[in-house]
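Quick setup: the structure tokens below cover two forms of a single protein chain, split into structure 1 and structure 2.
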Structure 1
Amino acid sequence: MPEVAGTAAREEILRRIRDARVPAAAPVVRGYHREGPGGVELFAERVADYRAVVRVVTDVPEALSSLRGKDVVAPDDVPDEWLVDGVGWLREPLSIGELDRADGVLTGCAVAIADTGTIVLDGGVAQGRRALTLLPDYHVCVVRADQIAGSVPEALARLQPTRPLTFISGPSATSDIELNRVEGVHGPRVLEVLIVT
């Protein structure tokens, strides 16, 4: 009877914790900065530090005219004008195999963080499910200037924790071999960020 056994373990662990009688802790003092300077410039600089491609643009379709790749995935709800001519757009539903064979993916984002050069996807508008931004080797992400939060605390405050979230800071990388950074292990090898002002 696994349920009963599980309950016994639960009760015993909770009892052991209570038996330890750990005294109440002092209130948390949040003396750290909750806000950062923010801004397009800082965000662009920090994204570029991760060896991502970053461009500040005013016209998304024009910027996308140089999009690389024949088969590029676009989530269902990207703005129509992003679907520029000359690209073979792939739309959902897509199998894992089809995603794996795609050349790239184009998405928006939920929030960006200037301090750390991070973009955050939450599966909301223009982002699609998580596999879309994982399997193709090239990810183009459009970030509106008003989506850039200054700091990590500001960004978390804007996010809904119960949505599936992916924080992305530069392309996939490893430092496991003599601590040499190598881009592109399993995730996209190229990350391009278009900041729209």
Structure 2
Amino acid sequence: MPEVAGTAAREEILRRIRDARVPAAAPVVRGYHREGPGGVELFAERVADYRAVVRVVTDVPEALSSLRGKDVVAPDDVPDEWLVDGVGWLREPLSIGELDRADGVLTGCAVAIADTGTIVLDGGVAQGRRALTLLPDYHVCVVRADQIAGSVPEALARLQPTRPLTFISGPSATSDIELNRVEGVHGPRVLEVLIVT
């Protein structure tokens, strides 16, 4: 009668499984950091930690006068007041070669993050397409004080998830080879941030 014994054993196992009481999982405490102190000072300090050149300014055209004599790419929708005299402003459409030969690019941003010293571009107003900020070796980015969020969650709440996002924390750099820092591998070697108060 081995078949009867096997059936009885199987039924006993299934009964035990059905009767098993699985205790409810304990709630997981998630104390994520959602808000940061924010502020111009913290953002300036953190982005400077990544070797960005940071200036806090009140007059953008005056700050941009340092671009005179250079050929600089500007997205079509940057404010007219940013297009100071004496700069060779390059406007779209531009080829990859033209972008590569430019002295720099001027953009705005979508949001900046004080906690991490990060600038986020989403292709919106005054930002242009992604290639503009990857090919020229110098990027000057204008950040208004009201665009600075305290933390990453605060910044993400301000962004459209369907837009292409580019996160920038200082000049492009890598330490992949023998831990030696090399700048400009995947983008500009110089990032200048103008924080407008």
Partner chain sequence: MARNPVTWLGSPTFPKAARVALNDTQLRQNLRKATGTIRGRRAAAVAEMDDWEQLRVAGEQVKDDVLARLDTLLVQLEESVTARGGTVHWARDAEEANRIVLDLCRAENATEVVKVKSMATAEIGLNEALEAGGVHAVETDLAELIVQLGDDRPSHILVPAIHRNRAEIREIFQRRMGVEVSDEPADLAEAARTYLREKFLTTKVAISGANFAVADSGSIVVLESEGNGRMCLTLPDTLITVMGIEKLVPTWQDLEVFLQLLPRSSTAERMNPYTSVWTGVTPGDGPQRFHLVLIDNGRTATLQDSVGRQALRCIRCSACLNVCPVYERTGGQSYGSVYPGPIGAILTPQLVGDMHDPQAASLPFASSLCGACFEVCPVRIDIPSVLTHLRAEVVEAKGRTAESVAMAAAAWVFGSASRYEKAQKAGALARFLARDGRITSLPWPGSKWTSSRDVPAPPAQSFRAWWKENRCQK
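All of these numbers come straight from a predicted model, not from anything done at the bench. Each form is matched to the other, and the largest set of C-alpha atoms that superpose within 1.5 Å is called the rigid core. Please note that residue numbering is based on structure 1, beginning with 1 at the start of its sequence.
Only structure 2 is derived from the form predicted alone.
The two forms, fitted on their core, place the C-alpha of Asp19 21.9 Å apart, compared between the two structures. Aligning the rigid core between the two structures leaves the CA of Val29 offset by 4.4 Å.
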